[in-house]
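Only one chain is shown below, in structure tokens, and it's the form predicted on its own.
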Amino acid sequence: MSNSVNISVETTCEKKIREIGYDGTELYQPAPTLSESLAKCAARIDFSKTSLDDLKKEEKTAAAAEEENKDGTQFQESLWPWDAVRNKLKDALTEICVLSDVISIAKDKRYLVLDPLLEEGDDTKPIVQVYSRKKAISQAAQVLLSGAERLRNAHSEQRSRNVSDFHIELLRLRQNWRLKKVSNAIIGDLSYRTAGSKFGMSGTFEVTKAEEASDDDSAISSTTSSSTATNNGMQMKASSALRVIVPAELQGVAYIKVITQKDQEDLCTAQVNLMGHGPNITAQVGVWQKTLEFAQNVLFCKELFAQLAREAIQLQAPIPHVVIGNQIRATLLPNIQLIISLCHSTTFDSNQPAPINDHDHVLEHSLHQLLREVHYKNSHHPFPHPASAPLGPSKKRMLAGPMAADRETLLDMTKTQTILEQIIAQAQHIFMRKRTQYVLDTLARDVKDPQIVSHWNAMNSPTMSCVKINIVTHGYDAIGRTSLVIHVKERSLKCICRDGRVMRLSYEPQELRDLILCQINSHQISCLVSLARCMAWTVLSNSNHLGIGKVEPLGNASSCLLASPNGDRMIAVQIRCDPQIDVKVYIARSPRQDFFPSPLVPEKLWENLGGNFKEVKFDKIEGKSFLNKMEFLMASLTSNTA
């Protein structure tokens, strides 16, 4: 043993030959890496064996066979090198399956309930916990007190300061107005250019700090409106961190005054501006809000008046419009003129009356809407269809060719009304409506029999109104009534009668008065005919256009000839408009009392033709109305005959 010899045992390093070249060169396959060896050994594991007894039997069988083949005393413990790994994985799978079954059973809480184990905690003294909680609460209280103290100091500083923060005021200004920074200055814009306006006047204003404003007269004059704001004759001192400097031409108060005159007499007056309407946010944002509102109002009034003056010069009216200075004169109807004036005052005087005395909301809405349409047309042009078509024609004009539109339709597409034309049309319609109302109210007051009832439509357009007139007799409205509809337009009236007749009248109120009187005349005759038939009287003749007698100054006379049920009484009625309603009634009896036979008329039967008609004092007959008196008259004549 002392003469031991070291023997080195090495494995054969022969590698598998992968390829032999034509020249005899052998290419060997490289030795597998550790990962490849691990994968190869793991692939030999057979997980299909489910029991450990089978594995032990296989091991014993393999061991017995190996002992028979080899005479060595060596003992092989396992057949595969990864047998232990497979056994552990198998045991883990078994435990996981058992755990899954236990959890599924415990979830229903019917057969098994899991209770947590109580761990034995460390024994701590209660006084230590109290001290620790007290320390944590004191630290939290200290944080809250320090924050409250900072808030209290900031609030007291804000109250003590007379001038608010410049940046906060600038933020409020930017929320309500359009601002931009040019080099070191802040410039704002009051114009309507972003909405499509093409008015040339500049609406820019400058924003500066209150401390940086100079004390010279020019700066004071330019910021007068920002330092004081006039509200119902009272002045309010400014306390703002910023100042707004507006141009001199936009300072002051401006409004548009609209007057309608007839023979140098003002019929109605209205004033239009942007002030005094909408929510008052001056208290929330600052005193500069009133300054900018006044400046934008001046810009709006000047732009609107410039647009109206431009249209007044371009329009070719029958009576040319006159533009002199800040005044526009247009003729509505004969002897009635529309005067539009621009009033601009740059001084604030508490003794001066307020500029808004008679504000017309309808006129203001119309002017705003019409000016907005002009801005919209300036910025919104119809797109060409197809894309290669010219830019400018509207969609209707583009479809005129495929739709085979005629010349009249094409001319209607080209007709557009300007703002001044639409305002004049609305003013003309207002006068026509007032005249119609006056005529109807006057007739309803003067004419007691029959009654005239007018129903004006509540839903009207700015240039057309509708009124329905019902002519009825009190107590006899079931016998008959006369209805007609009148469309009041700009310079004319359209009357539609119940029988379908359409009559067009001019702007003269006398024509409407004559038409209503003629309708009253026709109503009396038609109701008398219906009443006579109800009382069994016979209608011998009826005419709404009597061609005998003197010429009537107004319309035609109407007549009606009635006969009693026995035929021995006759009533002749004649109604004229001269210019009031004039009624005449005549009575004739048969047989005649003054009939004597003669050689020419020997038969006595001719005495039944009736005698001469005698006029009745109609105003002496009892009754409240024409039909009531005629009813009494026919009833008395019928009773005398019986």
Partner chain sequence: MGVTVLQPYPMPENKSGAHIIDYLSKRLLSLGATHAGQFLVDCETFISSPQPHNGTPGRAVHVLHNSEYPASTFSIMDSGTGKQVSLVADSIFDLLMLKMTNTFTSKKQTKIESRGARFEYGDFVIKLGSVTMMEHFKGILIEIEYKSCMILAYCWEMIREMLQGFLNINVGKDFPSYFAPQTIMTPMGQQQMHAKHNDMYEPTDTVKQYLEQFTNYRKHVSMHGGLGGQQQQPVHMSPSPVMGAAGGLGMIRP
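The shown structure was predicted, so the numbers you read here are calculated from the model rather than taken from an experiment. Residue numbers count along the first chain shown, from 1. For clarity, a rigid core is taken as the largest C-alpha set superposing within 1.5 Å between two forms.
One more form of this protein exists, namely the form predicted in complex with the partner chain; it is left out here, but the text below deals with it.
Colleague: Just one of Ser388, Thr416, Ser183, Gln316 has a heavy atom within 4.5 angstroms of the partner chain in the predicted complex, so which one?
Modeller: Selected residue: Ser388.
Colleague: Work out which of Ala400, Val374, Leu170, Val485 lies within 4.5 Å of the partner chain in the predicted complex, going by heavy atoms.
Modeller: The residue from Ala400, Val374, Leu170, Val485 that makes the contact is Ala400.
Colleague: Thinking of the partner chain in the predicted complex, which stretch from 406-414, 534-542, 320-328, 95-103 has heavy atoms inside 4.5 Å of it?
Modeller: Looking at the partner contacts, the answer comes out as 406-414.
Colleague: Take the rigid core as the frame of reference and indicate whether the C-alpha of Leu171 shifts by 2 Å or more between the shown form and the other one.
Modeller: It does not reach a 2 Å shift.
Colleague: Is Met403 one of the residues whose Cα moves 2 Å or more between the shown form and the other one, with the core superposed?
Modeller: Yes, the C-alpha position differs by at least 2 Å between the shown form and the other one.
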